[in-house]
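Okay, so here's just one chain, in structure tokens, the form predicted on its own.
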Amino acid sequence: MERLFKNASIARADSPELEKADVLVGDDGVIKEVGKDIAGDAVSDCAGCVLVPGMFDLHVHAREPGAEHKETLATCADAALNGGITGLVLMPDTSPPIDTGNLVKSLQDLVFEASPIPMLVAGCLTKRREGEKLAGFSGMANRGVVMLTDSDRTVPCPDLLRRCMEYARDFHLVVTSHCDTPALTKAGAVNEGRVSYQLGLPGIPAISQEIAIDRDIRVAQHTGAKLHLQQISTAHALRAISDAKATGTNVTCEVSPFHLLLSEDDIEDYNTAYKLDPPLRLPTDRDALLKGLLDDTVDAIATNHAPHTEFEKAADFASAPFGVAGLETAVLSLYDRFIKNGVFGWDLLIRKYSVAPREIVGQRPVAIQEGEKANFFVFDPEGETKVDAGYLKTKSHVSPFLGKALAGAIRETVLG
């Protein structure tokens, strides 16, 4: 049936100002009218609330197939909707890895059966993500992958990476790189520096990411491929990306909410919820990432949602796996720290976490306007959300924000 969202404030990507309006959604899921004093039967009173276009996450590990004990496509979709996210890209680090057209089709079929939201599929760069032979680019391209990546692994051979980029360029696909230099990272667990020494943990130097970024940018410049860099974490990495953009290199990058909000100084009591890949860096790096978001050096926000069981993360810090759940806390944590305090507005968040991510993978942005499919969430700025088992829909109740109260509340997410 039709639904009327009454007395709302509408957030848009092109304006910092909120528009007071009612929104009528037809029984076909399409917005019929946006305006004042609209009449309707099924009314949701949104007084004091903001209607925000649905977010889109470029970097999600849903774990299915192969590790359903950590997460499934269904629980991942529930978590996304709970966090105001209405579309995402699945990383190919499943079991088996998504490295052929047939495996792409198999995962797409699983998504069709399990997920109420669009989940686009990324394919591997190399067979089984082993960094030795090209994956099946032609078959994957024909099945509609939106990017090619070895997920959390770097292609070790520059010549193989060059050939990957050349093929990806010819198939009009984005090459997505998790930049890391294994010979420098080794068995590191946290950022190399004062905190790693203080905690007695092996460190990961900033140059591990920075050297890999420099290499991948140069290969992209040589091949003309479109390059997307995942999970930028250092100030130097941002400068390299800014310089590359200035010379016309076709490169985009993302940053996670965790790296915008936290630094190595937040790691306490060997809490593995702070063990991320790349690791939390210096406060100066965190501040540089925020500046890069504001000046458009950073193109997109992406969570790197990487769920693990509580048992796995209960291991000692050095042995525990990297990664935490992120879909349900992204919007809330960014509102709590930045929007509520006037650092930036809803318009920037929409550009970085809804519009740009969709554009990077060739999808059309969404907006709250007549004739468009309903795709938004209802946000209560005066609410509060306790991040606990009662709130989280993901299987993985591992988060730096677990047990904490964040300002604001997502009342519901509307998709079609």
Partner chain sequence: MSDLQPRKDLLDIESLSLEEIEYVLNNAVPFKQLFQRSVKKVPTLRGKTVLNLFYEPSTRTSSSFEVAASRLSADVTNFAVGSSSVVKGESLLDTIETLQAMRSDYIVIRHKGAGVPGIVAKHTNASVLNAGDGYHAHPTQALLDAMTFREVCPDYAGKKVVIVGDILHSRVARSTSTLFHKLGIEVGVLGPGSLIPEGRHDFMQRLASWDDVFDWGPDAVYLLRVQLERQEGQFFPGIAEYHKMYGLNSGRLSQMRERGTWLMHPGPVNRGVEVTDEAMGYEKSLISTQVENGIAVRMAVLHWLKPETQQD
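Positions refer to the first chain, counted from 1. Worth saying up front: this structure is predicted, and the values here are computed from it rather than measured.
Just so you know, the form predicted together with its partner chain exists too; it's not on screen, but the next bit is about it.
Heavy atom within 4.5 Å of its partner chain in the model of the complex - the one residue of 128, 194, 222, 239 that qualifies:
By the 4.5 Å criterion, the partner-contacting residue is 194.
Only one of 142, 319, 102, 341 gets a heavy atom within 4.5 Å of its partner chain in the model of the complex. Which one?
Only one option qualifies, and that one is 319.
With the partner removed from view, which of 115-123, 196-204, 214-222, 146-154 is the stretch that lies within 4.5 Å of its partner chain in the model of the complex, judged by heavy atom distances?
Among the candidates, contact is made by 196-204.
Should residue 270 be counted as a contact of its partner chain in the model of the complex, where contact means heavy atoms within 4.5 Å?
Yes - in the model of the complex, heavy atoms of residue 270 and its partner chain come within 4.5 Å of each other.
Against its partner chain in the model of the complex, would residue 315 count as a contact residue? Criterion: heavy atoms within 4.5 Å.
Taking the distances in the model of the complex, the answer for residue 315 is yes, it comes within 4.5 Å of its partner chain.
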